[in-house]
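Let's start with one chain on its own, the form predicted on its own, as structure tokens.
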Amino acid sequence: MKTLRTRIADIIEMCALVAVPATLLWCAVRSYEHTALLTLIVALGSVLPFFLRFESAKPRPRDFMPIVVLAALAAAGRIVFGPLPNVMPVTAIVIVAGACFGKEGGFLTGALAALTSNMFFGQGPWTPWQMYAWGLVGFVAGVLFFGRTQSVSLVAVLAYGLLSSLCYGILLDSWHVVGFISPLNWKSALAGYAAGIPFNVGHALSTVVFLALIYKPWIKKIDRIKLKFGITSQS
């Protein structure tokens, strides 16, 4: 049974997740002059409730260490495959994290992976957006698959990997289109989205390949580790 505090935290998280696309839509409709700055602030603010909630739960080191390790693996994988910009294992690993550790664990893994890997690729206004987008992928994976890793078919996981990768790309493209393309109209917007199609398709296909390779083996190993060390989820 959820406590009042937990329910309030859930509501805040959902509001934070919805705030980013809502702000993008508002800026596009109103043609707001300082769109890039406003959406950056909103994206950064949307990440904070998840870190604050995780910290307020006062997790034991054994509870957050797997999340840190998965985020580090995702960041390392992104760096290793850096010469191939359309190929990265980050999304696949974030989905595994969400399936194993729930929506908060998935969000934190995605956010940390983006933050740490950008220490190599370079920090900038895109970092909070990548943190939010990959965090959202992990969050939804936790909602869909947490507690059901043994019963959910691999096909369903691969389908989610494909769609979530495309949504990740569309979200980042939307930030670029709304924040930096001027004048903003249907033609310029379509041109902006079209420029991202090769990257987004490559990202989606590579996510499916990585998920097919790691999902079942990693799920089994992580489940054993959770059982052996009594690791609990924050979800």
Partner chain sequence: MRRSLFSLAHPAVIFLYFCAVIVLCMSTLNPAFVLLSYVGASALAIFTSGLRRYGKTCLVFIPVFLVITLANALFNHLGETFLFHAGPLRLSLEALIYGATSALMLLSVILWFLSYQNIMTTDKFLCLFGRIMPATSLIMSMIFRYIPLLANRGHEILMSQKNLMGDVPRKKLQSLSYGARLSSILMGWSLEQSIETADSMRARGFGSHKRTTYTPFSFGGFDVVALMLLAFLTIISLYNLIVARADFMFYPYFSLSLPHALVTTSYALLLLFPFLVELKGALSCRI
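Positions refer to the first chain, counted from 1. Please read all numbers here as calculations on a predicted model, not as lab measurements.
What comes next is about the form predicted together with its partner chain, which is not displayed.
Although the partner is absent here, Met119 sits close enough that one of its heavy atoms falls within 4.5 Å of its partner chain in the predicted complex.
Contact check for Tyr168: every heavy atom lies farther than 4.5 Å from its partner chain in the predicted complex.
Taking the partner from elsewhere, Lys228 is found to have a heavy atom lying within 4.5 Å of its partner chain in the predicted complex. Within this chain, Phe146 is remote from the site of its partner chain in the predicted complex, having no heavy atom within 4.5 Å. For the three residues Trp26, Gly135 and Leu154, a heavy atom within 4.5 Å of its partner chain turns up in the predicted complex in no case. Applying a 4.5 Å heavy atom cutoff to its partner chain in the predicted complex picks out Leu112, Leu115, Thr116, Asn118, Met119, Phe120, Gly122, Gln123, Gly124, Pro125, Trp126 from 105 to 135, in order along the sequence.
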